[in-house]
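Okay, so here's just one chain, in structure tokens, the form predicted alone.
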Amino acid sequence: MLNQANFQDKSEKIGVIGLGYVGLPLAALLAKEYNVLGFDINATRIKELKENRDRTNEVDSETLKHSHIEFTDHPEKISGCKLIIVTVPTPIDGHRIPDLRPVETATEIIGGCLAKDAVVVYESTVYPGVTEDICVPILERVSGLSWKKDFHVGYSPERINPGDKEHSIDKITKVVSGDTPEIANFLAEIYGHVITAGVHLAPNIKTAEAAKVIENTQRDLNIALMNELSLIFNKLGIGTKDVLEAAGTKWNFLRFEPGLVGGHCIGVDPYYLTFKAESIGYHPQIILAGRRINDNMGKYVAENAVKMLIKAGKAVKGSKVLILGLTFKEDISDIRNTRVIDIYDELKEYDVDVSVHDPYAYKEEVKQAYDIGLMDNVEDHKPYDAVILAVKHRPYVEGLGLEGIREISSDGMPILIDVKAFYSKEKAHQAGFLYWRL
């Protein structure tokens, strides 16, 4: 039976499979106390990490330099790990159906070099039942070992918030579960030694899996409500931000704001839950209604940009529009499932000449994912008939401002579409902008 002491004295090794936004910060944290192997199938990623470079900017170079993590893309190295933690992505496909191929592939790789008495823990977001009903059979088939006799599994959902330096991984309570009470307690000891916020022991694996998907489903629904209210208030000629500031004076009002809901968690996780619900004969209504609202917000923003162009007396076809920001949230480089692309695609349907700038996104990733060539400088294609602040990146907030946007705008009445409701409406009007915000 494994025990935490064997890992703390570094006679046993922990393997982290998948070194993205979740896996790398986890590996760096665990490496403070344990012997850690970091595995990723992306050889380029491994090369960069060995050079102490993290393109996600979640872990700084100095931390990587002193972490002593053994980075590798050689699967056979996993055989030396008695605790293996899986942190690969779990996206959805073009039909919004869970795509379990990354977690299945990772499980096959692990099964091919699974040591006897090892424990495999999944942190990837899944619907209830994936760990035991899908992953365990793969591990048994590939390894030839028997579950609960030769190896064990657990589930501990990741709670990483990319770009958030305040709520770092060690400051977020860790939910932990295992296939037996003994394994659950073992994992609680392992995680509890590095998670200062403490550990919550879930009664079983399916409960822990369900807890993860409802965390983001709840946030998705709250934002969907704000987005629907924004649709209503815009039709009524009422400022949504003004309404929320007034309502927010009550002590129990929840402070959510309208906006684009993308990324690899909030915009994806609800589909994992609804997929499982429909597989057992229940057809969710509220969850999917919220998803429909949020998925259509990019199109709604683009439509209002077109209306503003018409209002300003500018021809829509051939007009020049600049989108500021493409990543799914501020101050990160992650473009996965960004809903800013919906604004871009809708404007292109109107034959608008759209330029996109983002100070954090990687050009090659954007080109590969969306076939868009990012600009080097916002002034490259000026003047613009309209500017859309889609993502509130720090360089825009601190270095551009209303004056900067005015300087790159065309003559006449410049248009500013403020998706994040960052700028003051009054100041925007004083600066001469035709201004619109969610």
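Fair warning: this is a prediction, and the values are worked out from it, not measured in the lab. Counting begins at 1, following the sequence as shown.
Although it is not shown, the form predicted together with a small molecule is what the next lines describe.
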In the model of the complex, Thr105 touching the small molecule (heavy atom, 4.5 Å): yes
Can any non-hydrogen atom of Tyr384 be found within 4.5 angstroms of the small molecule in the model of the complex? no
Exercise: Pro89 in contact with the small molecule in the model of the complex, heavy atom 4.5 Å: yes
is_contact(Leu145, the small molecule) in the model of the complex, heavy atom dist at most 4.5 Å: no
Answer option from Cys265, Val261, Ile85, Val321, heavy atom within 4.5 Å of the small molecule in the model of the complex: Cys265
Pick from Thr131, Thr125, Thr217, Ser230: which residue has any heavy atom within 4.5 angstroms of the small molecule in the model of the complex? Thr125
Are all three residues Gly23, Asp40 and Lys212 in contact with the small molecule in the model of the complex, where contact means a non-hydrogen atom within 4.5 Å? yes
Option from 337-345, 303-311, 156-164, 251-259 whose residues, in the model of the complex, bring a heavy atom within 4.5 Å of the small molecule: 156-164
